[in-house]
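Next up is one chain by itself, shown in structure tokens, the form predicted on its own.
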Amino acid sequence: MSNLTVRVKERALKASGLAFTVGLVGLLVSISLLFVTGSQAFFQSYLTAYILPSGLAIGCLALLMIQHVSGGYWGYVVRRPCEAGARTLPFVAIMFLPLFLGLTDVYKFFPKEHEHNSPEAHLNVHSDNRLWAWSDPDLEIEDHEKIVLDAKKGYLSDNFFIIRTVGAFALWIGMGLGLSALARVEDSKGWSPSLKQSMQYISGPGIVVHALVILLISTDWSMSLQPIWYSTMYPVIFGFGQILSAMALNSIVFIYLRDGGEDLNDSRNRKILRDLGSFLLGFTVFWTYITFSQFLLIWSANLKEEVPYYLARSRGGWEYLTWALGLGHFLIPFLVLLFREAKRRADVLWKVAVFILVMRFADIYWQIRPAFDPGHWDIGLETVQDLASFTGLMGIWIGLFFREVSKYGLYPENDPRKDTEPVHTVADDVIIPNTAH
């Protein structure tokens, strides 16, 4: 076992232990606040916190399948972390189990008064009993909203929701563990064209299946929190956000595990960093494009069912987070990553990647939280619970992720891309030593 492999395992296990500790503290704080804020605030916080760590695992699976189909040296570099992320999907499925209680009258367990009397409360349908308002049989709504909800009853039903969620996790876990099992065969028996073909047989159709599953899951978990609202662009935003999050995570992991064990400033690693930085730049621009496209389509159509989504997020304090996302999720990383040298410097790239992950949580928070508090953002104990729940779930997932990373080598040793180099045509990707005297 090489010194680098030993160092990587030690660093991964150290990160895992620290993340588990932070995660357990966060969960304990969140559960303690349950008795103060009530079960309604707790489950709303839990759902909000759940979306990013689950998205990282699902995004790792999507990237894993994409790299098996597309090839390229970048896939060789991120393959092990993506496999580790995909192997956490069974745990992610277990993490979702408490949310099934949201289909019951769970708010009555630890009841607390939650008034929806703000001037903008009419921007969404609320239930005082259940997490997803559409599942409440005692929901009192206006005639127009009732007509819309009745038209969606065939899809928005408790049993169908459970079937879709269980089916989605079964498909994700099957594809993730299948690709991981083939990777173990490659490790033990070596690479072969038939093995590569088997991976592509899973990955090619798997990408299509994944896209269809995201269409359903994004509607169920997030869009249906505002059951009158709809957007054909939202599943794209939801699914692509997972891929962007996973690429940011992979950039951080690449630098963290190699720092001090490899020279990150040599020619090969600078090319790899540039590839990762270019992906982050391209993904950031595409996220901006699809996010603005949704806004433009809804603004231009000006339909009663669609406009409340943005009205709920542009008033009562939410407008500050809206502007922060425009600056932090697009403008700042875009301007930094435009510079080629910034993409090739590990000390810059990991900071940008961490910043993007922070903005990903801000984006998810902006998508979900206003569904419960439209046009009214009151920073208080419930916000503390939001952060505690996120710290808990994210910390535990990161701990599990790094434990999976530590199980196998830094690179897939029998992958034929091992003997290739990142291909670039820009001359200054190669560091030429100064020989002048």
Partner chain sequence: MATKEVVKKEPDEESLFTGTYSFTTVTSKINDIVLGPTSKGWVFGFLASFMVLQALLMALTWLLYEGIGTWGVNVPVGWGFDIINFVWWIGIGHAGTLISAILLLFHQKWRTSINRFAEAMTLFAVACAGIYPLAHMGRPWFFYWLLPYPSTMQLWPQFRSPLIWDVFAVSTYLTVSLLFWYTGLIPDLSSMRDRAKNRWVRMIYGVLSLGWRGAATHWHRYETIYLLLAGLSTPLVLSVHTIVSFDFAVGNVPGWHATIFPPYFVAGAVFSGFAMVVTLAVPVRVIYGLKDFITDKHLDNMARVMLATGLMVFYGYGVEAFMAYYSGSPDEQGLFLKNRAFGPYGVFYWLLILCNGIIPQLLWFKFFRTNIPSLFAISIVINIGMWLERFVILMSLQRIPWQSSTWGQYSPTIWDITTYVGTFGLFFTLLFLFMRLVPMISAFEMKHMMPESHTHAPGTHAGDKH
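Computed from a predicted model, the values in this text were never measured in an experiment. Numbering follows the first chain given and starts at 1.
Just so it is clear, the following notes concern the form predicted in complex with the partner chain, a form of the same protein that is not shown.
Taking the partner from elsewhere, residue 242 is found to have every heavy atom lying beyond 4.5 Å of the partner chain in the predicted bound form. In the predicted bound form, no heavy atom of residue 317 sits within 4.5 Å of the partner chain. In the predicted bound form, at least one heavy atom of residue 224 sits within 4.5 Å of the partner chain. Contact annotation for residue 274: at least one heavy atom lies within 4.5 Å of the partner chain in the predicted bound form. Only one of 169-177, 232-240, 317-325, 87-95 places residue heavy atoms within 4.5 angstroms of the partner chain in the predicted bound form, namely 232-240. Proximity to the partner chain in the predicted bound form, defined as a heavy atom within 4.5 Å, holds among 306, 186, 120, 158 only for 306. Of the residues 266, 347, 138, 259, just one reaches the partner chain in the predicted bound form with a heavy atom at 4.5 Å or closer; this is 266. Contact check for 21, 24 and 250: none of the three has a heavy atom within 4.5 Å of the partner chain in the predicted bound form. Residues 204, 205, 208, 211, 212, 215, 216, 219 are the ones in 204-222 with at least one heavy atom within 4.5 Å of the partner chain in the predicted bound form, listed in sequence order.
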